[in-house]
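Given as structure tokens, the chain that follows is alone and in the form predicted alone.
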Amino acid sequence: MSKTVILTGLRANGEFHLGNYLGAILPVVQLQKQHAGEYQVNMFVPDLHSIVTPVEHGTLYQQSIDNLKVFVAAGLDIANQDTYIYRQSRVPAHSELAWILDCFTYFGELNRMTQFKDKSAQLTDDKTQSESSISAGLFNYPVLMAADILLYGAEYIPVGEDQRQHIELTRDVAIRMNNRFGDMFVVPHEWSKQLEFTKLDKGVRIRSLRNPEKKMSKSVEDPAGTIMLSDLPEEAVKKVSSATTDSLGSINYDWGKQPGVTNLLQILALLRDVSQNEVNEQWKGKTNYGELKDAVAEAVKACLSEIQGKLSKVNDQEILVKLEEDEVKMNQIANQTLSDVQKKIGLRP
């Protein structure tokens, strides 16, 4: 690959919500538009990652296709010659390289991953699993993610703050193996450069409307606090109107003291595509929380109406044809990387 690779993907274990759209989907679409012809964009479906926690296996395949359609509806140009879409499970090198990386990743490193602890706690709190049945796949998730990145020499991986540790682990393992076996992997950029590239001073993390201490999640876990992209616009308006704020009576951007209000300000800035500072200054010191909710509700309603209208026009067959074409190309690239790694660690002559 002659162009610098941007790699990203979202788990296909459920439909997308507003947090996914604002924090992960739109940034990828914007990066593609800004860097058309300059970078290669690998937009993959991490369906193997999807099964590390309980899922509806009967709908997983179609959900993968449906989620790709959302990216297309949001503006991702899959006809762009520098953009590739592919399913992780259709490129076996992901799994094989993950095992090799596992053997050079330390247990203590994985044991420090906060996302594993958070997701494990969430599963046990919801009583869907006992602690003894948390999958090894969930524990090893960051290593498979490292394989996703290193197979293609990806330098930029636009992800949220909750994935920061995984990027750092990928760098550590790649550097460790390069030091031992010679130049083997392209090392992705450190976190500060990742944020600089995406032009965000921190990872976007949309919070639950009802519990702003936690991020927005699947509706089955937090139905009142989560706006699904499939929600009727009128339903979304009701959720925004019922959003948790506080009793301070003054609108300020302050995650520590006013997380609910700050979350609304963040959503408004992203939906209006203006700077956070501009929105903050517009609302700073105002006392009418209802007025702020109305503004956010109007922006959310317009967003859902637009994305749902575009989604209905996406052609499934075009996506399937593109997937199959790109999966052939990605297998060629991934297999070459895997072969080189196998030779350097002594698995091949």
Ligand code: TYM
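Quick note: we count residues from 1 along the sequence shown, nothing fancier. Quick caveat: nothing in here was measured; it's all calculated off a predicted structure.
Another form, the form predicted in complex with this ligand, is not on view; read the next lines as being about it.
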### Message
Based on heavy atom distances of 4.5 Å or less, which listed stretch (236-244, 177-185, 204-212, 102-110) is in contact with this ligand in the predicted bound form?
### Response
204-212
### Message
If we define contact as a non-hydrogen atom of the residue within 4.5 angstroms of the partner, is residue 145 a contact of this ligand in the predicted bound form?
### Response
yes
### Query
For residue 5, is any heavy atom within 4.5 Å of this ligand in the predicted bound form, or not?
no
### Task
Flag residue 44 as yes or no: does it have a non-hydrogen atom within 4.5 angstroms of any non-hydrogen atom of this ligand in the predicted bound form?
yes
### Message
Can you tell me if residue 169 lies within 4.5 angstroms of this ligand in the predicted bound form, counting non-hydrogen atoms only?
### Response
no
### Query
Who in 15-46 is close to this ligand in the predicted bound form, meaning a heavy atom within 4.5 Å?
17, 19, 20, 23, 24, 44, 46
